[in-house]
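What follows is one chain in structure tokens, specifically the form predicted on its own.
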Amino acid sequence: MKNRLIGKDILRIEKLSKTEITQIWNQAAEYERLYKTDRLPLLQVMKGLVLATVFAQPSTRTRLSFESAMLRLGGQVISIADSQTSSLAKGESFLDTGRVVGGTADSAGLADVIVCRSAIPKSVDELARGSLAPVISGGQGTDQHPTQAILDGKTIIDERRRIQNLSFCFMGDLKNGRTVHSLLPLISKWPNNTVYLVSPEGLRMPKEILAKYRSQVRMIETSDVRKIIQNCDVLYCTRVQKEYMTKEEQRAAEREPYFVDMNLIEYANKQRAEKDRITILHPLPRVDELRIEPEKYKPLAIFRQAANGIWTRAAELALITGRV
């Protein structure tokens, strides 16, 4: 298959085609296969290239999985793990940071590919506008987290053997959660999916997002998870994004807590065969909203989901740098 991703920024899911997303999944599956057969170290496809991870917001899985992926493929990594240790703390713009790290038409950059995360809206877009090197969003503000949606999609296929003709429950903070803001447009690219949106009144999915995808995917809003959970194949649970909330909004969310425990899951599975039990996903970190451990419930796929980040991100790095 022709590589359609060479030189392309990955900033939002709607800018990627089904073909491009599927190519990432296929390449990720190949890297995972090579790892399991002890052949990945022989690949060295990123040798001679440098990844810069520019993280102006805390991260564990996203930053480390990108760095791990680059190193496993033979590349090198330079990192800003905290904006306070960079010139961003001095007021440098993301545009200029992009010019320095990713280079311009008449000046060499420090890296061949950049992953950036920031809490500031449009900041990763600004960095990408300044960078000659391709840029991947590791999440910006409450907008999107596209590479999370891509690894989530791979996990759904791994667990359910398909990503169409499924019913999903998105549960928790749907207003501020950039992971669900990315997964919804990804799911909408495949036919016959239904998404139940379960959240407190003050944390509902933004209306503009609903309007954008309503013609492509069936969506139903509710505040009562027990009304719909028996209809769902996949439960996607999210934490309350307190970092984007006022104190009053935090208190309101705490008054109406949403959580998943074994009582809810046993209710969801009441009429199901063993092989059809509901799959549980969470982008992590979890706080108190997911009260189940994987040794108690095998379809809790959150750590398989996190591991998929290494392979999907390895594929993204190799594809956009033209090493595939």
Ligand code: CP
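Don't overthink the numbering: it's just position in the shown sequence, from 1. Computed from a prediction, not measured in an experiment: that's the story for all the values here.
As for the form predicted together with the named molecule, it is not shown, yet the points below apply to it.
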>> Just to confirm the contact call: exactly one of 265-273, 292-300, 27-35, 54-62 touches the named molecule in the predicted bound form at a 4.5 Å heavy atom cutoff, so which is it?
In response: 54-62
>> So the named molecule isn't shown here. In the predicted bound form, which residue out of Gln140, Thr238, Gln148, Ser131 has a non-hydrogen atom within 4.5 Å of it?
In response: Gln148
>> Considering non-hydrogen atoms and a 4.5 Å limit, which listed residue (Lys189, Arg117, His181, Lys154) is close to the named molecule in the predicted bound form?
In response: Arg117
>> Can you tell me whether Pro285 touches the named molecule? I mean in the predicted bound form, with a 4.5 angstroms heavy atom cut-off.
In response: yes
